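Form predicted on its own, single chain, as structure tokens, below.
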Amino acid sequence: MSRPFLEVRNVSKSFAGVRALENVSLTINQGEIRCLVGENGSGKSTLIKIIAGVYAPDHGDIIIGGKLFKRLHPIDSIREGIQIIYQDFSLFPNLTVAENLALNHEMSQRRRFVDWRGVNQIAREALARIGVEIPLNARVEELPVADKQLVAISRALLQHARLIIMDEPTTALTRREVDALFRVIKGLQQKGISILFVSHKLNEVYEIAEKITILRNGKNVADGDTSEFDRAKLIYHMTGRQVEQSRYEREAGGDQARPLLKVENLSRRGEYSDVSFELYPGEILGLVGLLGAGRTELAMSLLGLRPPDSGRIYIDGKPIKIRSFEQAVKQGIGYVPEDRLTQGLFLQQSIGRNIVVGTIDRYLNRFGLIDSRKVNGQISKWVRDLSIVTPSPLLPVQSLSGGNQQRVVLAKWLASNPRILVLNGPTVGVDVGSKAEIHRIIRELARQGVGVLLISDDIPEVLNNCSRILLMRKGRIVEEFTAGMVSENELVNKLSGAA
């Protein structure tokens, strides 16, 4: 039986009187893959930072390799073999792969000149340990996210890692890249290295983890073998409530026989070609495909940001030309981007201002001044209707959790009364409770007659919410599926070209 490598015993931590962790315990055995799950604010990040030595616990014990620590410093954690790979990877973007990997070694040598041959040798051997090849002279900022992840893992191994903690490691990865990462993780396990895998993606939790620890409101609520938790039980422990898992059914009747949006033979050189589809009122239409399939580029064309070279777009049966974002908005098209932090929000501005920024001209009085009463009324309405959790809409939007930030992006677009809503990865990086709430909002919009184009890498999200699904590959729509007629495994295989 494997020995415990890390034991966290009855650890508590408070910040300014707010309890972040309360008597939390966690054991990770040597060579074990354990998942740590919980909603945003459950205490996962605080626990990780205590293990890393960033925070000191108010009380409780930490035992690493049999050694008792009342208080860890970061250097203690590193010396004991604990390495943490955060979501930003903590790499130097302006340095090469080789320089990032060999930097610590070169600094420890205290030479006046860099041994470049040695740098490349260290880097080459580090990558070989996980069986990957990445150009050593490539700048890290130029690498795809998956390669940055692998560089971070290789660097951790150079520090003689015995436990690697991965914080949301698959957020921006395609399915193929996730498969490659999981092969690396399994290889590390075979070498006796422990993994603590933190993720919101429940399917991946089941795929990679042997054991699961669940936190809710800073407390342990469940811990055990992965086989002990079905999906409903796992979600219940994470959220404290039953979350609806039913499929969305599009309601029949009305003017749904006529397409709200029709795309006919749309092409843009080098990005996609001969794309045709129809979107009906009240429909949630899924669009899936691997990275580079052309999904986002197609969405950008519908928004006037990357106009097509040829083809036609119809709204309500009328041909239209969309050559700018403003024209798209006037046609009733809204867009929730994949990257809410850089494309969807003004992070330092208030929650309220982010909600009304796109419709502020509606609240001008006859003197050209903003009617504060109407503005505040609209802000209150959307905070209430979308259940945005905040003490005050005057707070900066960056103070919110990822799920609540995404609701603010939705509120901004819903305030413009769109008839067509393009959602690009609407639940990326949000916890399971927020994801369920966002899905509820999307379904309610569809029931009100909005046509929704849902672009997502989350296959269960697509299968549960979409009435039809389009599969893109190499810039073309190659297959169409009706909801309920394709399983998750079948769709994953078709995505990868395996079927």
Ligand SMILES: Nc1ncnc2c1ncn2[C@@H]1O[C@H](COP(=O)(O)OP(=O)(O)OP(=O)(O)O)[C@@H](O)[C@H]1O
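All values reported here derive from a predicted model rather than from experimental measurement. Start at 1 and count along the sequence shown; that's the residue number.
Heads up, the form predicted together with this ligand isn't pictured, but that's what we're talking about next.
Residue contact check for A328: none of its heavy atoms lie within 4.5 Å of this ligand in the predicted complex.
Among heavy atoms of Y55, some come within 4.5 Å of this ligand in the predicted complex.
Contact check for S401: a heavy atom falls within 4.5 Å of this ligand in the predicted complex. Taking the partner from elsewhere, Q30 is found to have every heavy atom lying beyond 4.5 Å of this ligand in the predicted complex. This chain is displayed without this ligand, yet in the predicted complex the stretch 401 to 409 from 179 to 187, 401 to 409, 310 to 318, 230 to 238 comes within 4.5 Å of it by heavy atoms. Of the residues N465, S456, S42, S434, just one reaches this ligand in the predicted complex with a heavy atom at 4.5 Å or closer; this is S42. Of the listed positions (V24, I477, L491, A20), a single one reaches within 4.5 angstroms of this ligand by any non-hydrogen atom in the predicted complex, namely A20.
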